[in-house]
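Before any questions on binding or motion, here is one chain by itself as C-alpha cells, the form predicted alone.
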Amino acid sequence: MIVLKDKKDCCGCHACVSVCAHKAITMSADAEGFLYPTVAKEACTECGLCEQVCPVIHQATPTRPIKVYAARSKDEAIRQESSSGGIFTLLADAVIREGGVVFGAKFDEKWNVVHAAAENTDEMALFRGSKYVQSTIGDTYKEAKSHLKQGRKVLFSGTPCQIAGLKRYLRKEYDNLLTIDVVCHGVPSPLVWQRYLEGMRAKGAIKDVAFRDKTRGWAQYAFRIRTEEQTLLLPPSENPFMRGFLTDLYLRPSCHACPARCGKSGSDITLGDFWGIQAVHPEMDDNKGCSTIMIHTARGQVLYDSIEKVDVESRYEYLLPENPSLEHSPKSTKYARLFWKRFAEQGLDCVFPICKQKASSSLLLQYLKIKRALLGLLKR
C-alpha cells in the first residue's frame, strides 16, 4: 500500500492509480493544487503493485546519452510554432505516418494541461510547445498499454518522472513503444496557474496561450496570452506566473529531489532547448530555435534517423553549462514557504515582492562571499 510520509516522495505520475485493478487508489489535489494518491483501505488487497510501480521508490541508475545532436526542422512554420527547433513534431509525424499513436500534453477547454492521445497531425499539433504546468496523466498509461498490446506503435512524451512512471507501470519492454522526455526544470502548481487565469478571465474569455512565443526571437522568448479584449506579450521576468515559476516559488515538492533526472527516466530520446548553441555550434544559431536531441537507445536512434532535419552531432558536455536541469534539481528555499503563506490572501500579487526579496538576499550572499575571499587574500 502506498503511504506517503513526505510529499517529496510522490511525483504525481499516476502509475499507482493506473495499476490498481481494485480501484482502491484515487488522485486528490492538496492545498497547493498538486495531485497525490489516496488509498481506500477497505478496497485495498495489499497486493503491493502500487509500490512496485512507483518511480520514486524504484529509481534507476543515472545514465548519459549515447549520442547528442543539435537540430532544427526544415519547416520554418513548424519551428516558429514550436518552443525550440520543432523536432518533436517531426518525430511524432513519423510515428503517425506508420499508423501509430502519439501521447502528449495539451490544454483542455479550461486551459488545464492534460495528457491525451493523437492519431493524426491535427490532434498532435496540440502537443506542440512548452506548457509549464504539471499535466494530468489520467488514463493515458492504460490507453497506451491497450494500443501496445494490439501491436500498434506508440510514442509517449512527457516529463522524466511521467516516462519513468509509464515504464514502471508497464512492467515489461515493448518493441513498439517509443518514449520521449524533456529537459525539465520542475513543474509548477496547477492551482497557481488557474488562479492566474482567473485574473485574466476578468479581461474576457481566454482565446490563446503560449508560454514560449518567439515573435521577438528564440533567445528573447515571451509569455503570450490572448483574451477577447487584448493580447499580452511579456518577457518571463514581467509575467507573474512565469516569474514565480522560474524563481522556484511553487514547484512540486518532488521536483526538489527529482527521481528521474540524470537520464533515469528510461526514455529513448530526451528533447530540450540547446541553450548556449552560439558558443559551440554557431552555424546552427539563427535565433529561431534549436533543439538538443539526446539519444539513449538504438530504438531512439532509428526514429531520429528517419526524419528530415538540419543537424550536427554534438557532445553532452556542451549542454551542461546552460542546461543545469539535466543533472541538478532546483533547491527548496524559504521563499517558497513564504509564497504559500501569502498566496491565500494576496494571490499572485505576492510574486514580485518575494522575487525582489530573494534577489536582494542572493546579492548580499554574493557580496559576503567576495568579501570573505578578499579578506582571506589579505591575510596571506
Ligand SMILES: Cc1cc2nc3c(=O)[nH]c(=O)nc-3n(C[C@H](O)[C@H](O)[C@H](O)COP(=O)(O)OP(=O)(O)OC[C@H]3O[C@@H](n4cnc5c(N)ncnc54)[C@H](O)[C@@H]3O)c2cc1C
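Numbering starts at 1 and follows the sequence shown. No experiment lies behind these values; they were computed from the predicted model shown.
The form predicted together with this ligand is left out here; the points below concern that form.
Picking from 228-236, 276-284, 127-135, 143-151 the stretch near this ligand in the predicted complex, with a 4.5 Å limit on heavy atoms, gives 127-135.
Only one of the listed residues (190, 86, 300, 266) places a non-hydrogen atom within 4.5 angstroms of this ligand in the predicted complex, and that residue is 86. Screening 183, 178, 242, 95 for any heavy atom within 4.5 Å of this ligand in the predicted complex leaves a single hit, 183. Put simply, residue 296 is far from this ligand in the predicted complex: not one heavy atom of it is within 4.5 Å. In the predicted complex, residue 222 stays away from this ligand, with no heavy atom inside 4.5 Å. Using a 4.5 angstroms limit between non-hydrogen atoms, residue 197 is distant from this ligand in the predicted complex. In the predicted complex, no heavy atom of residue 118 sits within 4.5 Å of this ligand. Taking this ligand as positioned in the predicted complex, the residues of 136-162 that bring a heavy atom within 4.5 Å of it are, in sequence order, 157, 158, 159, 162.
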